[in-house]
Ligand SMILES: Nc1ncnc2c1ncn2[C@@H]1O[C@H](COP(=O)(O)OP(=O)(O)OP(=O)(O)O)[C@@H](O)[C@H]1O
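Next up: just one chain, as structure tokens, the form predicted alone.
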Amino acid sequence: MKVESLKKVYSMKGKKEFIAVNDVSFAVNKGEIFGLLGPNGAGKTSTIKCICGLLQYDAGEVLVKGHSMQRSRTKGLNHISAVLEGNRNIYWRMTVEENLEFFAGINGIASGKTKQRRDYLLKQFQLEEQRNVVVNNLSRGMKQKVAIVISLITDKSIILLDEPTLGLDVGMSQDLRQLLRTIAKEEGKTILLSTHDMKVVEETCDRLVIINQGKTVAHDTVENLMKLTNQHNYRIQMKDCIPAEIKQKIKQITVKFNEQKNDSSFTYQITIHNPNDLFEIMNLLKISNVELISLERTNYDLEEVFMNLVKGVEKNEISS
């Protein structure tokens, strides 16, 4: 699946045009989980709807298995299955299994031909006991799992998932992350994943694109984006509070300095640009005569990278 220089403009009579998507490009390979990230209003939903053929785009191109979603929408849709905006692709008055049969049927697949895949998916998503339960009687998390199973029942090669972990508890979310990896790698599915859950992105996505205000902010592997910042984070635990004059000197060396009082100790979260600055900080701690309990390096998580990238774009927009 390829998105090339995509542009989507909304225009209403008497109002200024709004550019929702502005020159966004990316490609998703077979067997890959690709993340589409951005804050609310960034253009993620508009991008996904253009890929699905639900919106006509104003410039650029969306190619699904080589078919233009502008000129050959029907052919492109033959390869796409999606869960958009929560779990709206469910008929709540039907049972779980009836939903699977129905959506397979409207895609031209007879019930008998999907029995084996229905059983497989219900087992994989731990929905076997709920197969004859009316969907309206299920919890929000269970409904979300049913919506995802419905997107997989037709066995199409490209899966679009918009906030797939919405409504799932921690255990369900973890199970889903594992299932998505299995589906992508073992079944060779192409998965485009739009989410606000950075943990899901870190643990499942191979690559991602971050958009903000309709524009591409970053496009790289998750691993490379995690290395984007040239900062080093440490957690220092001390038996007592560091004296004020020592604390002030440490603050002058660090990019970030946070203090937290615990029951029997003090924890300091620090960020520095130059790792050699840690030696100076340790010397200051030594002369403070406060007992050091522990020192550990902490990972710079994707959420921090994401927020810094988005804030950087917004700052540039304001200054320009």
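Since this is a predicted model, take the numbers as computed values, not measurements. Just count from 1 along the sequence shown to find any residue number.
This protein has a second form, the form predicted together with this ligand, left out of what is shown; the following refers to that one.
- For the options Lys75, His196, Lys215, Arg140, the residue carrying a heavy atom within 4.5 angstroms of this ligand in the predicted complex is His196.
- When you look in the predicted complex, the only residue of Cys52, Ile272, Ala42, Val62 with a non-hydrogen atom within 4.5 Å of this ligand is Ala42.
- Contact annotation: this ligand lies within 4.5 Å of heavy atoms from the stretch 44-52 in the predicted complex, the single such stretch among 63-71, 279-287, 44-52, 255-263.
- The closest non-hydrogen atom of Glu202 lies beyond 4.5 Å of this ligand in the predicted complex.
- Using a 4.5 angstroms limit between non-hydrogen atoms, Glu97 is distant from this ligand in the predicted complex.
- In the predicted complex, at least one heavy atom of Glu163 sits within 4.5 Å of a heavy atom of this ligand.
- Looking at 18-32, the residues that come within 4.5 Å of this ligand in the predicted complex, counting any heavy atom, are Phe18, Ala20.
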